[in-house]
Each structure stands twice: as structure tokens, then as C-alpha cells.
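Quick heads-up: it's one chain on its own, the form predicted on its own, in C-alpha cells.
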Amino acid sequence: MKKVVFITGATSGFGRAAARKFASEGWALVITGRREDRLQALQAELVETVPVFYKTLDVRNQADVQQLVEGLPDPFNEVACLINNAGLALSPKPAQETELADWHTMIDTNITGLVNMTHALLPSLIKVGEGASIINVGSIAGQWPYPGSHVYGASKAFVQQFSYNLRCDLLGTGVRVTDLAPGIAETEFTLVRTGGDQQASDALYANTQALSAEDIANAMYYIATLPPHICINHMEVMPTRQAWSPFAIHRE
């Protein structure tokens, strides 16, 4: 029986790359996201290689999450790896200039959605036991503050602490938990964050070499396939061309 990986936010970026990576290694897939056309296209691309089950899903809706998990057919109902990838950033402006609705959207997606998904799949992961993995996609923003990060960075700090605390609770079950925290990566992330501003997205990635979605997918696969006695608690991944800056100082 093939191992099953459940991927949220599989319609683009890290999630889509992860689906392709795990499929290439023979894992069965459960892929979810909010754009059905993209899920259908990804299933059509991969289904000749491995079993693929897809379902449109907004992880913010707890009832829909629970219904999906409880209704997973064989062989998709024994999930060995959960990749909590669904998430977003909005309003890269100072906190005092942002809309409260954008803050709520980030909290509801990055925190509530991740919690909904994790709680629903814990029974399956614990049943699989030794070697099962939860990979929560955090961010360097959860560790290192910067202007315009406000609620996004705070939500990713939650992801880190939730991962650590979940790891404590799951001690003895064999289930591993990892906070995977990427740095700058060239995906649709910035387009979403800027409300579709292609020029802003292009400018961010110009004349440098960011991480790719495939880089992070490879890291996910590495984490999920380590020997069962090894758990990576936190993996922070930056491109070589990204580093920290000095503290900002306001001067009169």
C-alpha cells in the first residue's frame, strides 16, 4: 500500500510542488485548495502515476474540514503525512494603514485553518504511528520581524510554537512535527500579498536568486522520509543571497 500525503494549498507554490515531488516518489495524494480548476489539472497530471484524491476546501471552515477527513475513501484515509501549507500574507503596509479584515483573513487562514486541519487528521496520523509526520509551513517571519509583517509574522510565530507544543503532546505516538520556515521564495505569494501587483512581485525577485517552490518541496520530502527515530523540530531555509539586516534606528 502506498503511503498517503495530505497537502493543503495544493493549487500553487509549495503545495503544488510538493504534490509533484511526493507523486514522483510513489506516494498517494490527497490535495486540497480553493481553486477547483487547478486541482483538476493537477490530478489529471499525476493520476497516471499515483492515486490522487482532490477536493476543493477552505481550511477556515471547520465543518467542511471535518466532513472531508471523515469521508476520505480507501486508500486515502490512512494519512501518513500532513503538509499544512495553506496560508497567505496580505497588506505589506504599516499596521496602522492596513484593513482589519486583512488581519482577520490571515489569522483565520494561517492559524485557524492549520488548527482545523491538524485536529481533524490527528487520529489518522496517530493510527499510522511511527514515521508519520506533520509538516507545518511557517516562515522566517515567525522568528525575524520586519516592517509590514505585523499579523503575518505573528501568525507564523504561532505556527512555530504550536508545532513545538504539539510535538510535546505527541511524544510516544511516533508522530513527528516540524516547523518548516522558508525565507524569500519565488512563488505567487507576493502577487497575493500585493493584491495582484505583478510589478511589485517582479521587483522583489529581480537580480537575485530566491528559493523555488521545488526547493521547499524537496525539503518537505526529506523531512517526511527520514528514519522514524529522527524528528526535525524546526528547519529554517534561506537562499544564500538572503541574510539579516541591522536594527532600524529612527533619527530626528
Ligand code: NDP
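When you see a residue number, it is the position in the sequence shown, counting from 1. Because the structure is a prediction, the values reported are computed rather than measured.
What comes next is about the form predicted in complex with the ligand, which is not displayed.
- Of the residues given (A224, V69, A185, V52), A185 alone sits with a heavy atom within 4.5 Å of the ligand in the predicted complex.
- Contact check for V192: a heavy atom falls within 4.5 Å of the ligand in the predicted complex.
- When contacts are judged by a 4.5 Å heavy atom cut-off, L29 does not count as touching the ligand in the predicted complex.
- Interface membership of D58, defined by any non-hydrogen atom within 4.5 Å of the ligand in the predicted complex, is confirmed.
- The ligand in the predicted complex comes within 4.5 Å of a heavy atom belonging to V137.
- Contact annotation: the ligand lies within 4.5 Å of heavy atoms from the stretch 176-184 in the predicted complex, the single such stretch among 176-184, 119-127, 93-101, 72-80.
- Taking the ligand as it sits in the predicted complex, the stretch 69-99 comes within 4.5 angstroms of it through a non-hydrogen atom at N85, A86, G87, L88.
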